[in-house]
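Below sits a lone chain in structure tokens, taken as the form predicted alone.
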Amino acid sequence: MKLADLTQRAGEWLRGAGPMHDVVISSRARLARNLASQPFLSRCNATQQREIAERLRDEILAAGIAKNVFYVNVAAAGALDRELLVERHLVSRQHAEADHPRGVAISGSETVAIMINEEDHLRIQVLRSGLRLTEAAEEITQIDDRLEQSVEYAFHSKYGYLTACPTNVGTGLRVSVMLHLPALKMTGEIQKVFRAARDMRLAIRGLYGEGTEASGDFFQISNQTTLGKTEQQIVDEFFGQTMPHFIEYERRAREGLMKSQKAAVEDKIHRALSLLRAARLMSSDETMHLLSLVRLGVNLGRLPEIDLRIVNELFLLSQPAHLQRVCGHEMNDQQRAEARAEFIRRRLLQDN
């Protein structure tokens, strides 16, 4: 399998299934790890960075962590392919834009991605569709244990796993969910989410993580610290105590809108679908906004003829790097807007 194969479909984590999938797009578990025998990446010289990248690449590929694992040398990849990896949530933007030896190992289903030489020597990530944090955490523990059989991690008896960023010291575990919150945005109650997140000491970010906007009404919510709790405590609190509140906020907002503004909401939904089916030019931002309304319509039962999985795929496949890969050549903004509109029209037509 190779990187070009990914543009033909969305990953398993984006298939629009799993518990609470009307609100929860995906769940993610991520571990930060460093080799005991090497300095943190910021203190490594070029030779050490290359040695770490090569050694960990070989260890990961030999460990049998998942099916159909393939490796991408991010340092050697072109700008378009690096952006494609970011759009698919397989690497961070920081990882894509760095200038040192680095790579990523990806499972065939894209549920597992392991970044080498990001902020830490290893960033292990497991994704699942819907609210399936427990499954993601269980798999990432298995992967971590398998890798630790052949590599020694930097570990302190008191502080736990040692990481480049102090907020990751301890378990090194971050859990997060990608939420679709159009009703809270529409009612202006999204600030409740921000306040609740701050009160619960959670981080809330946009579609592509730290420093990004909430495009398409997508928000990532994650724990901020990993010290002083076990992996199981982090997962249990996030899954059992934190997430139900945010899901309930959004569902109540949807119910309220359909009671008080039913005609207006349905008008927005159907206008969005009509535009997507008819427009000849479409920017990324407009596409995300319209698809968000259509996704809301599908989950409210107002668009029974539309497949939720197709909508989820369009969120991804209409992004700039994906669009250019699908079309087979690089394009400027105007050309992408025209190609995007045509691609969406054709895809929605196939869905009927």
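Because the structure is a prediction, the values reported are computed rather than measured. A residue's number is simply how far along the shown sequence it sits, counting from 1.
What comes next is about the form predicted in complex with another copy of the chain, which is not displayed.
Contact with another copy of the chain, judged by heavy atoms within 4.5 Å in the predicted bound form, is confined among 232-240, 113-121, 153-161, 261-269 to 261-269. In terms of contact with another copy of the chain in the predicted bound form, the residue from 200, 193, 143, 275 that brings a heavy atom within 4.5 Å is 275.
Note on contacts: among 76, 165, 281, 79, the single residue with a heavy atom within 4.5 Å of another copy of the chain in the predicted bound form is 281.
Against another copy of the chain in the predicted bound form, the set 47, 51 and 99 makes no contact: no member has a heavy atom within 4.5 Å. In the predicted bound form, another copy of the chain sits within 4.5 Å of a heavy atom belonging to residue 334.
None of the heavy atoms of residue 59 is located within 4.5 Å of another copy of the chain in the predicted bound form. In the predicted bound form, another copy of the chain lies farther than 4.5 Å from every heavy atom of residue 313. In the predicted bound form, residue 342 stays away from another copy of the chain, with no heavy atom inside 4.5 Å. In the predicted bound form, not one residue of 242-257 has a heavy atom within 4.5 Å of another copy of the chain.
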